[in-house]
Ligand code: ADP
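Let's start with one chain on its own, the form predicted alone, as structure tokens.
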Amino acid sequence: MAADPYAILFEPVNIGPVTAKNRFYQVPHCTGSGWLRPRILADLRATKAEGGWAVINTEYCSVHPSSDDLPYPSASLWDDRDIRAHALMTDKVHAHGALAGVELCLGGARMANLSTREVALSVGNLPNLAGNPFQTRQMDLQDIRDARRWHRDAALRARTAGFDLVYVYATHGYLLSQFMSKSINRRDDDYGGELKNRVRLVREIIEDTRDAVGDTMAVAVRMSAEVNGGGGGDGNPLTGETEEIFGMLGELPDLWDININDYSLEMGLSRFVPEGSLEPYVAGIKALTSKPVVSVGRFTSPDTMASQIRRGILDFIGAARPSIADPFLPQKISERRFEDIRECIGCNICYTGDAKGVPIRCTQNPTVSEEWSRGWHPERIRPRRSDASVLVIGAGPAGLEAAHALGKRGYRVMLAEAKRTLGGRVSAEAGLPGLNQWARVRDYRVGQIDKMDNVEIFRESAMTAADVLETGADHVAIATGAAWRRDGFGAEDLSCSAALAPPDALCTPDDIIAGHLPEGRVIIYDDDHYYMGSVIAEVLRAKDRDVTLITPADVISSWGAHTYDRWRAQSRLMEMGVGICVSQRLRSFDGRTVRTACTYSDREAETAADALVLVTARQPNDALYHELMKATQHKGQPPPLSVTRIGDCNAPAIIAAAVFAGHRYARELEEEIDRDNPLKYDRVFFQDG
């Protein structure tokens, strides 16, 4: 019998004094909840432990009020009052046989302390690296002693809270990495200059932490593979000082968590970065230490995971985003249910939660951050309340998720799709440059529905109101999506004041996706500010069109800053030769000239153009809903028990919102829901509350 290719993923691994039951390791990642929403956070982490992850870590955890990062809600261990909130998590993680880890953090110049108003401390007098108009105070020797004490005290609180593993966080631009930086650290004392001095504080904090927790907890260090070298580009950590640092510190901790300096590559969008992209950077690390090594790579393929372990690249498969998309990924691999894995699509919608200071969301997993507040579980759902039948019209992301979840509940479901192809906007957009992995949203749900005898799919089945009533369905969910507008309506022009003609020279993303590409000089007007404008520019430029992207925002893809899309998108357009014009609102287009006005001065400008692509707003395709509501008002025609619009048909938004809408509809159908208070709110967890 052939050896099991995935057995290696389920081997236990020692991390100093503790043992992980397998090699699935949820690295520290932000949740948008932190100390503000401890119950939401605890149940989010507990669900992963239930799903088979061996190690579950917090997000970055501030050790003192001088490392306050609001409005980004990190975890905190400032004093003993924080212990109880963390114990919520550790108790639930331990209940499923997993280890709980905490990533202690000293902020330095990354944090401005906007809430506590403490003066930030760093290796020198540095500007705030998050763009706030504050500078740090250069730490003197007493400040350094204080920082060591704060970190040590937080480690002791972590032990009391029940953590099994404690981090020393020395990367991502926070305080310890500022000390290690050859370019930032200009000190001339024992903490600056030559390398052994620049790593002195890291060494001292590792030793302090180990001394504090003894053999009761494992000690991990999170560090870049390319300290003072590489720059996120050459894939060779040994071009910097990494090898020398490991010569000094390699055997001190119990585990090394390795990333790289370029966050847009470490947490790269699938649009730009493939699975396992960090292998060139981390491949040489294990040769520098005898301690286990973990790193990430948006791992979704069990074969890729097993290969990295067998080839000695890693000891643990680190994950943040894949563990969000499917908390039960390890269990499904163990049970060889590969088709049941909700694979991460690399859209980074999860990261917007941290960027916006709200609980994280996920396109693939609509239950994330809802485990406590709504009582949703990613794998379990309440059985149906009746024998009612449900007609879902439209097989886009909302319709597919509604049919899938309703099917799991046991309802008899008819899913009608006007086209031959399922997936709606997901299928359409998956054909655009870099977005092919978004098709996983469709493929997962279609694959699950195909297993269900109680869900029927009717392709090429456009529906009228009469058709809907003829089915006799008890409940009707209309998920017919939305279309891009071609009248200029958008956030910058709510009155449709722009004079736009002729119609045959106007296009929308729907036209481009359908293959109708304009000729000549093309202007893309992007008042959407997410990915669509820049992706359409790529499509047209790749077809040798002369393309200029104009936006009323100060930068292109401004909302894409929350997904780490903006920087790489702009770089790619510049490399492709796409013209970029910012801070300009659309005034008119006559088929030859686009006229714009500066959003600040109102000064007008003209650009020659043969075609204008409008990426502004979308109009719900809700005609069927209104037709049906009108038809059900006629006497003698028994109406369905309910008719509901879901997804873009109800309110156009991102794909994650459409999936959530479909899931929520299915969860709440025939349930008693308090519409005024549909979910529990996680208040601040006070010591006495």
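Note that residue numbering begins at 1 and tracks the sequence as displayed. Since the structure is predicted, the reported quantities are computational estimates derived from the model, not experimental observations.
Omitted here: the form predicted together with this ligand. The next part is about that form.
In short, of 474 to 482, 95 to 103, 445 to 453, 567 to 575 it is 474 to 482 that has heavy atoms within 4.5 Å of this ligand in the predicted bound form.
Taking the partner from elsewhere, R585 is found to have every heavy atom lying beyond 4.5 Å of this ligand in the predicted bound form. The shortest heavy atom separation between M463 and this ligand in the predicted bound form is within 4.5 Å. At least one heavy atom of L624 is located within 4.5 Å of this ligand in the predicted bound form. At least one heavy atom of A416 is located within 4.5 Å of this ligand in the predicted bound form. Distance criterion of 4.5 Å from any heavy atom to this ligand in the predicted bound form singles out I646 from the list A49, C30, I646, V27. Checked against this ligand in the predicted bound form, the candidates G318, P327, G107, P397 yield a single residue with a heavy atom inside 4.5 Å, and that residue is P397.
For a residue to qualify, one of its non-hydrogen atoms must sit within 4.5 Å of this ligand in the predicted bound form; none of I15, A220 and K286 qualifies.
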